[in-house]
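One chain comes next, on its own, written out as structure tokens in the form predicted alone.
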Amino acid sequence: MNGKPRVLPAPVTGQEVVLLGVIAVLWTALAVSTPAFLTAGSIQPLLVATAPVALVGIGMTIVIVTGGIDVSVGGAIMVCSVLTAKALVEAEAGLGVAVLLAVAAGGVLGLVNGVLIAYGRVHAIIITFGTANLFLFLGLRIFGSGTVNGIPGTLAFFGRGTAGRTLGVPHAFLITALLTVAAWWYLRHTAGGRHFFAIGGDAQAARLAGVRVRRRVLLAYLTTGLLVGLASCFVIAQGTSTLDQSVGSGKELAVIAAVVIGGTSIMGGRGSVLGTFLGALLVQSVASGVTQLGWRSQLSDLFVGVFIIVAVGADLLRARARARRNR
């Protein structure tokens, strides 16, 4: 071949190295302050709690890379969770059926968002804010007047107990890590993956270059919906035998925080699922640390807010530096 070989970016970005350092410092400080932090009884629940946020974060990263956003994932988790919980209780569904139902339901909700955004030509924040309320209404209607009680341990494979771990590592966390690596490889090494970045950088230029922009945008939201469905199985497995109407509440904020802290540009065109994975781990580590130190839970929101501001500020400074170099 006469063409020059394509130069790939570094496998690990500076942002991800910084996040690893911050997590290491935080864990060290927490281990000194409360020695119980580094015990299995503390780390395992932390990894289990990280899994659904990081899992949905894979899809959210792709969405934000394309220049969009999805604030409906909390409502979608509610719908998928209550549908699956009712199937477990009323139809005595098995593990495979429950997972397929949850993923299928999430896929339908993601498809709704994708079609409206890709073909409706309305900004994603408006569409997903509307669907967030629609999903919330739908979830409450399915719940009925109360909670879903008597949920069996069918999804224990994804839970906190011994059935949910292999060699001490939670299955939910392992699955999330594997899917993160797969998504990282796809976005980095395939033309289809790089098309998402091209759309976020300049959708019109990508279209002129032959990228099927609408189809790619639709795929981004569909992928997020499918991951939301699987994450809802993790959420059910983490809880008790009762599912209440608060399920999914605030999850969209946690996911977006993980994505932004992980280094994905809110303006689109740049991002990393590995950074999102580390961002989710950092967010949950802060929440766990605040709880174990006996501080007010609101402080975790404060710390995460500071991390978001720093991450967005750093992204803006990098964008300005690139603009100056291109002049």
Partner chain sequence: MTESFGARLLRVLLTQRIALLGLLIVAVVSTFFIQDAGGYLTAPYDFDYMSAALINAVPLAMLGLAELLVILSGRGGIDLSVGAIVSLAGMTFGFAYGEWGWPLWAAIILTALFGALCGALNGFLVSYIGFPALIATLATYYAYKSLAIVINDQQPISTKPIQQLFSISESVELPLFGQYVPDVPLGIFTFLVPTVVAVWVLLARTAYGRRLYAIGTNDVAARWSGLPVRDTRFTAYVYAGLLSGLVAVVTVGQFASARPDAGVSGNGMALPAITIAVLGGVAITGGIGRVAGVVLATLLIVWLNAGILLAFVGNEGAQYQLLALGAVLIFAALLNGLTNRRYGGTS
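Positions refer to the first chain, counted from 1. What you are looking at is a predicted structure, and each value in this text was computed from that prediction instead of being measured. Rigid core here is just the name for the largest C-alpha set that superposes within 1.5 Å across the two forms.
Just so it is clear, the following notes concern the form predicted in complex with the partner chain, a form of the same protein that is not shown.
Participant: Would Leu30 show up as a contact with the partner chain in the predicted bound form if we use heavy atoms at 4.5 Å?
Facilitator: It does not: once the partner chain is placed as it appears in the predicted bound form, Leu30 has no heavy atom within 4.5 Å of it.
Participant: Spell out, yes or no, whether the shortest heavy atom distance between Leu136 and the partner chain in the predicted bound form is within 4.5 Å.
Facilitator: It does: once the partner chain is placed as it appears in the predicted bound form, Leu136 has a heavy atom within 4.5 Å of it.
Participant: I'd like to know if Arg320 sits close to the partner chain in the predicted bound form, meaning any non-hydrogen atom pair within 4.5 angstroms.
Facilitator: Yes, contact at 4.5 Å.
Participant: If we define contact as a non-hydrogen atom of the residue within 4.5 angstroms of the partner, is Val260 a contact of the partner chain in the predicted bound form?
Facilitator: It does: once the partner chain is placed as it appears in the predicted bound form, Val260 has a heavy atom within 4.5 Å of it.
Participant: Name the stretch: of 126-134, 218-226, 97-105, 196-204, exactly one has residues whose heavy atoms fall within 4.5 Å of the partner chain in the predicted bound form.
Facilitator: The contacting stretch here is 126-134.
Participant: Indicate whether the candidate residues Glu16, Gly161 and Leu187 are all in contact with the partner chain in the predicted bound form, with contact defined as any heavy atom within 4.5 Å.
Facilitator: The answer is no: none of the three residues contacts the partner (heavy atom, 4.5 Å cut-off).
Participant: Counting non-hydrogen atoms within 4.5 angstroms of the partner chain in the predicted bound form, say which of Gly210, Gly168, Gly150, Gly120 makes the cut.
Facilitator: Contact check passes for Gly120.
Participant: By the heavy atom within 4.5 Å rule, which residue out of Leu140, Val181, Ala156, Leu174 makes contact with the partner chain in the predicted bound form?
Facilitator: Of the listed residues, the single hit is Leu140.
Participant: Which residues from 285-303 come close to the partner chain in the predicted bound form, meaning a heavy atom within 4.5 Å?
Facilitator: Residues within 4.5 Å: Arg296, Gln298, Leu299, Asp301, Leu302.
Participant: Under a superposition restricted to the rigid core, does Ile23 display a Cα displacement of 2 angstroms or more between this form and the one not shown?
Facilitator: It does not, since the Ile23 C-alpha is displaced less than 2 Å between this form and the one not shown after the core fit.
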